[in-house]
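One chain comes next, on its own, written as structure tokens: the form predicted alone.
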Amino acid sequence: METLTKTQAIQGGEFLIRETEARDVFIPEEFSEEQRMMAQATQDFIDKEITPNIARMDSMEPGFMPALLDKAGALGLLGISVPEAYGGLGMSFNTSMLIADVIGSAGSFSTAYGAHTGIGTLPILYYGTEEQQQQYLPKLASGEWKACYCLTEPDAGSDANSGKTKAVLSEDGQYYKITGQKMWISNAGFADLFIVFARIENDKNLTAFIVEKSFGGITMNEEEKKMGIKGSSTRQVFFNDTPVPVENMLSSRGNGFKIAVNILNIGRIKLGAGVIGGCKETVTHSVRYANERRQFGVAISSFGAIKQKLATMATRIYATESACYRAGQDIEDRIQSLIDSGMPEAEAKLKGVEQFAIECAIMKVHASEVLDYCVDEGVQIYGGMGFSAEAPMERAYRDARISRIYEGTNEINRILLVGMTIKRAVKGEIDLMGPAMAVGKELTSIPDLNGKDTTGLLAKEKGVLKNLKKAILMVAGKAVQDFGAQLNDEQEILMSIADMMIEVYAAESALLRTEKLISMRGETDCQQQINMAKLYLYMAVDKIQAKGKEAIVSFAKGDEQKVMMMGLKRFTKFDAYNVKELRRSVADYLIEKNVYAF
């Protein structure tokens, strides 16, 4: 595989075929003092305004959530991504990821915050005219106005472009009258501004509109009774001949679906970052409870079964965080490159995220499932208290579940990320078939064990990673060859390939972060990070082997199946570690620090 250099900017999805140097990835430890201060200010806001008032928030005390957004706006938290010219802070993409990360521990507020600053504000920032931006962005950045996003309908969820809401031009040509029903609309109960998607006449694609509540013709159902994120407003919204001035069309006619897709790409990676804070808080609660809870005369944190849980939770978080900020900086670098080449900033931001849409989908799936894993194990560590509403795990468990559903279900995202990868290969944007064919030839050759460097720190692990990528290329390449365009109908196979890709990206990110940390701090100070990188790789190998086998037996037969199974065995060959000792070392460190400490 080709080694990446700074002069060869990586393309989205190319992690499968290009080796990235540790020096070329961004890691969370590199955040600047200014960024850390912003993150601390955000944490202070949560500690002061949200944590002591969780019951008020989750009971939906009238006015409480809008007041929180007002206070967040006063601190500048609603305008992180909004340029200074429109009243925001104009901070970098990865900074906005960091703030989403911190707010991820704030329960229902994180949903309200994400809906306002993300899908509510960004369509205007990226697609609005100068007049629209001047009119609306300062109000949204300050919190004077609250925003929501109206895309989903009763019969249009994952198939968003099938929405039936209509926009009909008035006889005088001054207004569009919008009529239709939207559901699962976050912030709807107190929103002043609605981003609404509707169809004009029989257009193939939707059109987006900026709709002010004051325009009239808007009614709502009562608040939804939800499993989790109970403090967030979620309502059905009905538009009844709502008059919207023609100048409030967002972008051009029929461009709504493109807006929706691109904004969802941003939402996906922001969600990936936005669950990290919740994951870390779950570990902190869990380790503190385990240190305090005594059974058989000792703290339960001394038990191997508890240590295994704590260490696995921390390891999966470490990999998620590594991958999230790696992807975030790749996006940031691409945005800056496009700006430097003369592209307008708003367009550059869209194109930068679009380039890494595959990684955005990966992070949405991986992070949301790590959060689910952490809260589930958190409940288990708490035992009976974990089931009690008086302890923090019950709420965390309920709140976490939505993350696998919104911003596109994890199933949809799995199918999308493989589809996007194949589509780019077919277009010639990334060369997957060349490496896949090389792997096919390798299957019938004798393995070459000479000249491989396995002596350097993490060299063996990086060699394993290269082979895991070959396993993906083998399975995906043969599936494309056998099914062609019909592969889109083989969702089970697509999801297996997606899981293999997700695990490789996460494992590689953890290894690269660890390698870079060692170069900064030395091996001795990075021992637990080394342990977690190795432990995650061990888990990734197991999953890739299982998912590879599942895919192979789903379409290959006879001798072809035997060859592929032997290839899978070769490419997932791994001299396993003593994982019990790795886990105990990580867990003991957490237990000593009494907090998530990485």
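Don't overthink the numbering: it's just position in the shown sequence, from 1. Quantities reported herein were computed from a predicted structural model and do not represent experimental measurements.
The protein also exists as the form predicted together with a small molecule; that form is not presented, and the subsequent description refers to it.
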property	result
Listed residue (I80, I185, A471, L512) with a non-hydrogen atom within 4.5 angstroms of the small molecule in the predicted bound form	I185
Candidate from L151, I178, V237, I493 lying within 4.5 Å of the small molecule in the predicted bound form - any heavy atom	L151
All of L16, C360 and G419 with a heavy atom within 4.5 Å of the small molecule in the predicted bound form	no
Interface membership of G157, the small molecule in the predicted bound form, 4.5 Å heavy atom rule	yes
Exercise: D376 in contact with the small molecule in the predicted bound form, heavy atom 4.5 Å	no
Residue contact check: M437 to the small molecule in the predicted bound form, 4.5 Å heavy atom	no
Exercise: E411 in contact with the small molecule in the predicted bound form, heavy atom 4.5 Å	yes
Partner-facing stretch of 228-236, 71-79, 309-317, 391-399, counted where any non-hydrogen atom is within 4.5 angstroms of the small molecule in the predicted bound form	228-236
